[in-house]
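Given as structure tokens, the chain that follows is alone and in the form predicted on its own.
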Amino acid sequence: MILPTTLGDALQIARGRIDSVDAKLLLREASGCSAATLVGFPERALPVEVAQRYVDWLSRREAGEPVAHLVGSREFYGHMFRVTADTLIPRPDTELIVELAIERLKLLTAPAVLDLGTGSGAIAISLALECQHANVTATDASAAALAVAADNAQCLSAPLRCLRGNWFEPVSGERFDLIVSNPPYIAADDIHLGQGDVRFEPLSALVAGSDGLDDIRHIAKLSPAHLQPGAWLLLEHGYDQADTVRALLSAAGFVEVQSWRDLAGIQRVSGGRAAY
């Protein structure tokens, strides 16, 4: 492919190959130019190394590689998080669980918070930054993912305790004032696993058994032993799983069980309070 020589040329060669929003984002990241510069100065020259980086990203995006993996970061709740192939890419839908958690934490004094399966640390770090009176712990079974979370916490100056282990194993005997989690919730045979960005994300962070609910069952069953009386458990889940998740929470002894809708009107988070 002939390298583009200007900003306008770079956007032109992307047409019909990738989404225009993605093309502009990749060009901004490669060139360091603002969105306004892309629009107002299409004749601006591109250094050869910038053009080469952009063309490489363009080809990889055309093959389906996520933009977040190409540029190495994704914005979530107003902060930039480093992401790698070892973590899920933070998505806007997940900001709902952060909002719900903040509402509950503001009412507490020095609450202990646990984020299960933290991945990039997006939820845990957002809570630590928004609720600086909270003591936030993040666990993950993946050493690689936990390293990304720890790095994000350091870069964003967020106090975060990172512990490696499967779900509750690293916090045996501890109780918390709030537990949050965006666990794997996709069924093993779901056709969406072969589509879009998820093709490049770790299956261990996506798939949870034949119906996608194995990890949610595990968390719902064990959470009461790790929650203070009356404390909340909040879980993100799939678009069609709210009824089942509420039933699992009720069966585990939770009270005030309910679900909340995301901006698209989908019941995306369900939760309940541990019995007093």
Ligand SMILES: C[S@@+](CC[C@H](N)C(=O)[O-])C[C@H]1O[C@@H](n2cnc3c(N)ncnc32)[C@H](O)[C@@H]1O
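When you see a residue number, it is the position in the sequence shown, counting from 1. This structure is a prediction, so every number in the text was calculated from the model and none was measured.
What comes next is about the form predicted together with this ligand, which does not appear here.
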Problem - Close approach of Ile123 to this ligand in the predicted bound form, 4.5 Å, heavy atom - result: yes
Exercise for the section: Consider Ser73 of the chain shown here, and say whether it contacts this ligand in the predicted bound form, taking contact as heavy atoms within 4.5 Å. Expected result: no
Practice task
Would you check, heavy atoms only and a 4.5 Å threshold, whether Tyr77 touches this ligand in the predicted bound form?
Solution key: no
Practice task
Would you please decide whether Asn135 lies within 4.5 angstroms of this ligand in the predicted bound form, comparing each non-hydrogen atom pair?
Solution key: no
Problem - Gly165, Pro159, Pro92, Gly196 - the one with a heavy atom within 4.5 Å of this ligand in the predicted bound form - result: Gly165
Problem - Position in contact with this ligand when the complex is considered in the predicted bound form, options Ala147, Ala141, Leu100, Leu108, heavy atoms within 4.5 Å - result: Ala141
Exercise for the section: From the candidate stretches 151 to 159, 188 to 196, 127 to 135, 110 to 118, select the single one in contact with this ligand in the predicted bound form, where contact means a heavy atom within 4.5 Å. Expected result: 110 to 118
Handout entry: Partner contacts in the predicted bound form for 182 to 207 (non-hydrogen atom within 4.5 angstroms of this ligand)
Key = Asn182, Pro183, Pro184, Ser204, Ala205
